[in-house]
Each structure stands twice: as C-alpha cells, then as structure tokens.
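First, one chain by itself: the form predicted alone, in structure tokens.
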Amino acid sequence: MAAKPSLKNKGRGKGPKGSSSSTSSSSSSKYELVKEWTNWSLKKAKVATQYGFIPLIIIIGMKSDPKPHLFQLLSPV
C-alpha cells in the first residue's frame, strides 16, 4: 500500500531554522501542508483515473442502445 502523508512539518522550509517570526513560520508551514496534501490527492486522482477510464468506457458501451458484445467493445475496429 502507499504511504500515508504525515501531518507533521518535515522541516523542508527554505528559511533559516529558529526564525524569530512565528507568524511567518506558521503561514509557511500551513502552505507546505496544503501543498503536500494537494500533491498527494492529485497523485491518487491520477492513479484512479488511469485504472478507471477503460472500465468506465466499457460500462458506458454496454449500456448503449444497440447492446454490443464485450468482444465488439474491446476490438480496435
């Protein structure tokens, strides 16, 4: 299974450690957290799209009015 993203700040910020401004650090960590979750969710959506597209097309084809056989849906002609 895929690794779950962590909610902990991994210290990937570009600023120096021990910054005196807590609001800057807080907004930076929030930005990094949103960025991390966005990347994680887009990767999961990409995988779901890749594995779900062909079955979706087959299901839509099987529900069409002139009911084709499965072989007719899978053949390239």
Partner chain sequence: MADLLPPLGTAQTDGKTKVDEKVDYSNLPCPVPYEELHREAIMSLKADNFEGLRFDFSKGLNQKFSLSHSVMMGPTEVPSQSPDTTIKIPTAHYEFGANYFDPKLMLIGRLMTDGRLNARVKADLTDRLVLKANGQLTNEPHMSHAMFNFDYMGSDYRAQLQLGNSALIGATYIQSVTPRLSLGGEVFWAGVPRKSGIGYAARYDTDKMVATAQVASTGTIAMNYVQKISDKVSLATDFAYNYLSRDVVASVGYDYILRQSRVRGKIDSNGVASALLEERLSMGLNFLLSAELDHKKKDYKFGFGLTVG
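Residue numbers count along the first chain shown, from 1. Because the structure is predicted, anything quoted here is derived from the model rather than measured. Rigid core (definition): largest C-alpha set, two forms, superposition within 1.5 Å.
The next section is about a form of this same protein that is not shown, the form predicted together with its partner chain.
Novice: Quick check on Thr38: any heavy atom within 4.5 Å of its partner chain in the predicted bound form?
Specialist: Taking the distances in the predicted bound form, the answer for Thr38 is no, it never comes within 4.5 Å of its partner chain.
Novice: Taking 4.5 angstroms as the cut-off for heavy atoms, does Lys46 touch its partner chain in the predicted bound form?
Specialist: Yes, Lys46 lies within 4.5 Å of its partner chain in the predicted bound form.
Novice: Could you tell me if Ser27 has a non-hydrogen atom within 4.5 Å of its partner chain in the predicted bound form?
Specialist: No, Ser27 is distant from the partner.
Novice: From first to last in sequence, which residues of 52 to 77 have any non-hydrogen atom within 4.5 angstroms of its partner chain in the predicted bound form?
Specialist: Residues within 4.5 Å: Phe53, Ile54, Ile57, Ile58, Ile60, Gly61, Met62, Ser64, Asp65, Pro66, Pro68, Gln72, Leu73, Ser75, Pro76, Val77.
Novice: Does Pro68 shift between this form and the one not shown by 2 angstroms or more at the C-alpha, the core having been superposed?
Specialist: Yes, the C-alpha moves 2 Å or more.
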